[in-house]
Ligand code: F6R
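Quick setup: one chain, the form predicted alone, written in structure tokens, and binding and motion questions come after.
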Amino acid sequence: MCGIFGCILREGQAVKLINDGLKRLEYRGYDSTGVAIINNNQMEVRKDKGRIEEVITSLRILDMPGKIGVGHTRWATHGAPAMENAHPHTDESDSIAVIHNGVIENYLELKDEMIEKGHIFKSRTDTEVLAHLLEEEMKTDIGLQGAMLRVLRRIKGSYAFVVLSTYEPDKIYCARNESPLVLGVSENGTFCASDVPALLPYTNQVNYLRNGEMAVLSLEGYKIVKISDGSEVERPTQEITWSPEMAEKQGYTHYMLKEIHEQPTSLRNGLRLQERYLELLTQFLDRGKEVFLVAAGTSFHSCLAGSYLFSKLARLTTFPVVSSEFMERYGSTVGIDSIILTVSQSGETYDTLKAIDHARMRASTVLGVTNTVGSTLTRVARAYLIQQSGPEIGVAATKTFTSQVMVLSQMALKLAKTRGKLSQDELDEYDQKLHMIPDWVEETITKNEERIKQLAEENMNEELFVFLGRGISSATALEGRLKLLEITYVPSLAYPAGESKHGPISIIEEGVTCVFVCPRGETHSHIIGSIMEMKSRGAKILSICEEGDEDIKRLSDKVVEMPKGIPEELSPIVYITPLQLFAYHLAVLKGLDPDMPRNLAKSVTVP
């Protein structure tokens, strides 16, 4: 996710509003900043890596004159944080400036096409390709609006594009597919931004651009057209009544709740991995004689789920290990034939980096999955993938878990295909189900949130929770328990359900709440036995199960029903969402701040 702000003013200096707007959007991205202004029909672009305040000051951006401009604060997805990768990106004549939030899936083939036509690229981003495509189209007499529509019809992926051009120096062009973009109007001008908070100081009259739409902004307001056929769209403005604080969280009370609700979008982005990098990582995995999955906290639970996926789908044995334990357990044995697949949201976790530094010294191959381009992990890994979940402000990771498991699922399927371990029909079915995951997560949240809030109220005074799952669902149980522990501080345990008879069952007594994760699949009959064991000792049973699962419902005191058809192997991505919501609502009911749990930090970068 990145922050976008643009404006056309009757009175005032555009760059001052852009600066203020970007500051309100800094939570969306903060590794680089840039501004493009048109003054007297001349385009000027100033940009660099660094936070807004640093770049604005060092480049004297507030001195730029002009009443029309666009600005961007970046969270890197293609190309490390650097001046040349910062937005805006321009064509070769500096007549077109483009800023972008999202992921262009087919940018490599489009870039190759432009290079063959003689275009020279300055950055390693996917965004720059749009500027060159527009430059190429403007060699005809189609005009800027026609060029925009023609180029947008070729783009595959998610995007919120904003384009400024000296071809039409009094207009701003915007387009949206999946990545948010909001238009605003006032007596003094017309605005666009990636979120409402940036607009509220200037107007509360907004219009949300929808998927497949382009808007043309001018001093007179804006015109919206459909990208598919260029037909005009009539839609009235909306009045926003949120407070500035609520607006920053898009109307949600806390960042954690906002980020839980963002997961369908982050998962759709996570499905847009670059095929060549996905293939490169799986080639390394296939070559290794031993594969370790190294991570900490929530990312370790992602690795646990990943280990089941690699085993079940690709028949690859992997060893998930907590980063801080890696050197003690395996430090003396790893070597040139070892593959270290490292998973870290920040790419800066101290124990994780220490573990892979040791492995690299012993000639092991380090691979990475992270959310942060330019992090230490991306610099030291032989190859890496970006999980595409955008900035995560809440300390308790939510998007991180689901996005990482989504990436690991795609790696496992790609490796299964490489190794010939699944038939083409099986691969096609898993791929189809994988692309249904974002919709299933959206359905789960929409249908169940009020139900889960009620369950939190009913369990508000519980002193102990026990989370149990079988197979891959044991990873879901562990992550659900971690969310509860992190933000409610309620003592809780999590175990593979079959292990409960080897100790945990001793603490089960009348009234203790056991939370069972029960997807359909090979472990279903076993989890029924585990529920019966706990129920016979007086436990209250709360089960997360498939809709219409009468066997589980009959044994449970309370259930949360999930969409039908989710394969057990992919279930953690969907089945974790009720547990995230349960932890969140329980924390709020207890009067706690889920965004700032005590004693915890977002990224642990110290020993």
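Small disclaimer: the values here were computed from a predicted structure and weren't measured. From 1 onward, residues are counted along the sequence shown.
FYI, the form predicted in complex with ligand F6R isn't displayed, but the following is about it.
Chemist: Among Thr349, Thr190, Thr444, Thr513, which has at least one heavy atom within 4.5 Å of ligand F6R in the predicted bound form?
Modeler: Looking at the other structure, the residue within range turns out to be Thr349.
Chemist: Counting non-hydrogen atoms within 4.5 angstroms of ligand F6R in the predicted bound form, say which of Gly184, Pro197, Gly102, Gly297 makes the cut.
Modeler: Selected option: Gly297.
Chemist: Quick check for you: of 416-424, 219-227, 119-127, 478-486, which stretch puts a non-hydrogen atom within 4.5 Å of ligand F6R in the predicted bound form?
Modeler: Among the candidates, contact is made by 478-486.
Chemist: Taking 4.5 angstroms as the cut-off for heavy atoms, does Ser344 touch ligand F6R in the predicted bound form?
Modeler: Output for Ser344 is yes: heavy atoms within 4.5 Å of ligand F6R.
Chemist: Would you classify Ala396 as touching ligand F6R in the predicted bound form, given a 4.5 Å non-hydrogen atom cut-off?
Modeler: Taking the distances in the predicted bound form, the answer for Ala396 is yes, it comes within 4.5 Å of ligand F6R.
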